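Take a look at this single chain, the form predicted alone, given in structure tokens.
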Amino acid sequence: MSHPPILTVSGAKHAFVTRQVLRGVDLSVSAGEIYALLGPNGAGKTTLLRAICGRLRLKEGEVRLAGQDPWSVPAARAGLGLVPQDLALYPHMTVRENLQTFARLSLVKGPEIEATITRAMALTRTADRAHVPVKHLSGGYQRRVNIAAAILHEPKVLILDEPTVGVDVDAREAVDNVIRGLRDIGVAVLLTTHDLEQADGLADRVGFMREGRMMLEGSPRDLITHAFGEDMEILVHLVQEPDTGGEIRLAAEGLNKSSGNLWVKLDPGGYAAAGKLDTRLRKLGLTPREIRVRQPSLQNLFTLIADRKVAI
């Protein structure tokens, strides 16, 4: 990145009683960058976010927001915006009333409140719902208003915890566009998500955590290329659910069950390998409804890490 990091975490370690939750995590996010923090439940992501937000004091290591410690320096926390996973809005109030309330809570000065609200609604594309009670909004609009409430004080760093959980694909794309817009005006964005497709398409960099350690970090494309090389993902959707004998034959072909009648494998042969696989499966009485070939994704990489096929 061309900008120096505005958020840095160095050697973060933390334990609850005898359970070590963070084991020396390093992380940095620069202005104008989207960083997605990934990992299975229990990886330490929530504890790390609490430390970054100044809500938890690390046992070892340090967090710096624009060079200051958010645990001990209130001014450092003022440069941070947080969008929690659960909606932090008043459902019976309108969008504008919610933002007026949160502007005052964020210590925005009286004469600046309306201009600040107008800016936040423009950035989150919610102005057309300004007079609608939040409870009547779609899930996607509610998520965008949640972001608007977090940026009223114009934070330099925005943290989003699962920002699109529970919304449909169209709403997710609308939220993603808001996040990209904030990145484009120089906000450093750190988000956690279990939606690996979202992380793949949105993040400039991703970090994979497991058991309190940062396992891998880099741009999604670079990490995928390094992990899988020339391999392509072959997806086989069968006409019928296979019996036990069919599952054994599918496994012998290197196919792993994904969901329902969908089976997948990685193969450097790509489309040629898929054609040969189709012929073999039909001879075995395992008729494909569809066979697709695509580049490996963060989901494939996540599976390697969660299954311990990437060593700590």
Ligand SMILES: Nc1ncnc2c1ncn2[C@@H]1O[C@H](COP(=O)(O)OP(=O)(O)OP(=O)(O)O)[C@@H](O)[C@H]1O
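Keep in mind it's a predicted model, so treat the numbers as computed, not measured. Each residue number is its position in the shown sequence, starting from 1.
Although it is not shown, the form predicted together with the ligand is what the next lines describe.
Practice task
Choose from 44-52, 254-262, 240-248, 273-281 the stretch whose residues reach within 4.5 Å of the ligand in the predicted bound form, heavy atoms counted.
Solution key: Within 4.5 Å of the partner lies stretch 44-52.
Exercise for the section: Using heavy atoms only and a 4.5 Å cut-off, decide whether all three of R19, E162 and H194 touch the ligand in the predicted bound form. Expected result: All three within 4.5 Å in the predicted bound form.
Problem - Option touching the ligand, based on a heavy atom within 4.5 Å in the predicted bound form, out of G285, P268, P40, G67 - result: Among G285, P268, P40, G67, a heavy atom within 4.5 Å of the ligand in the predicted bound form occurs only for P40.
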